[in-house]
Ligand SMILES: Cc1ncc(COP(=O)(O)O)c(C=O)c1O
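Only one chain is given next, in structure tokens, and it is the form predicted alone.
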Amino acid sequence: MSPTPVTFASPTAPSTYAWEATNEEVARRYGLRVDEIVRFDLNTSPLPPEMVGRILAAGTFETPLSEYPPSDYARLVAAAAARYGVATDELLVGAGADEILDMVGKTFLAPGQAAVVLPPTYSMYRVVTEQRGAAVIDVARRPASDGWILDADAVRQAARSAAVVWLCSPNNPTGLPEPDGVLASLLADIAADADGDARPRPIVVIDEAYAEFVDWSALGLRSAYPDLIVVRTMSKAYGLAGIRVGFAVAQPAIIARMAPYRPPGSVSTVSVTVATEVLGSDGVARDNIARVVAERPRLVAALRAAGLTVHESVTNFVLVGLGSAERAGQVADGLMCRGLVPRTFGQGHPLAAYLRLTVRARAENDRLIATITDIIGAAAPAADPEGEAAP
């Protein structure tokens, strides 16, 4: 038995792509009330920052709601540039990190070209590549016993045939950053290969959706590797997934090439106002990260006590090994029947025997713990898919 998918195919999207089911769809499928549904699959925060309520109540937005947002997003760009320590001409706003990824594809990928993807990783890299008619060069990450780190030699080799290299650190869905120095060394090697072959360097994208959870960022590498794009978002550490604001940070020449592909007004004036104010506050990301960092060990310990293999994570989610795709499917179905939605992985996926679970509020996590404990009972600890016994 494979894990029950929690995505429903769109009638208008290509048949190979599907997006997360809504709460209403999940409730209908499992005969539940919508208010019983808790999303452990989306890596979002239980509540937005408190200051957002005050901003919305004030009703003073970047432009009146009857007008379009400012075309240059100047105040938001200035706030983000100050937060990330970059120049304003090194930054491009998008409707979430996903629109940034889409703009990368539209700018730098053409039919017949290729992009490097490092599974298991964020699925949108493959989606964006295939939507552009480009080929995917899969370079598998090292196994769980190595922390799913990238295989630098294999990535370097694949990059010689690619227009874009998609990287993610900390990586989603495995939850860990690349080891110190690996990304800098890889960029230097890719540049050396391109220079030696007298061919264009590939665009290297480092998705830092979870960068605020660690002490290192690739932003400082953009001077050494001019074709680097770092992607940041307001969705994770800032707890603002619903406002859909993300950023590309790169050298001005790269930003200038991408900018024409951004739709006009794709980020709403409400989102611009909220994001600008939140970026100007030192405490929002810090407080949300502190909550996650305090709650994550408790959730991990409880899941391990229930007999599950839980891998280390620096992010707001954890990856749980169930030993087999069949057992992962059984646990996923049991959770969803009770309104708790985990992230599942389909047959053939390298993580088919795993579930990814968001670290949510304490009461929600307690409900998850109690439900999983009930589902698996007093069963003996499962073997990890990589052969590692549950801690």
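Residue numbers here begin at 1 and follow the sequence given. All figures in this text were calculated on a predicted structure; none of them were measured in a lab.
One more form of this protein, predicted together with the named molecule, exists but is not displayed; see below.
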{"property": "4.5 Å heavy atom contact, residue 96 and the named molecule in the predicted bound form", "result": "yes"}
{"property": "4.5 angstroms heavy atom contact with the named molecule in the predicted bound form for residue 288", "result": "no"}
{"property": "4.5 Å heavy atom contact, residue 233 to the named molecule in the predicted bound form", "result": "yes"}
{"property": "4.5 Å heavy atom contact, residue 125 and the named molecule in the predicted bound form", "result": "yes"}
{"property": "Contact segment among 175 to 183, 236 to 244, 264 to 272, 289 to 297, judged by heavy atoms lying within 4.5 Å of the named molecule in the predicted bound form", "result": "236 to 244"}
{"property": "Sole residue of 168, 139, 79, 163 within 4.5 Å of the named molecule in the predicted bound form, by heavy atom", "result": "168"}
{"property": "One residue of 228, 116, 209, 218 in contact with the named molecule, assessed in the predicted bound form (non-hydrogen atom, 4.5 angstroms)", "result": "209"}
{"property": "Stretch 47 to 66: residues contacting the named molecule in the predicted bound form, 4.5 Å heavy atom cut-off", "result": "none"}
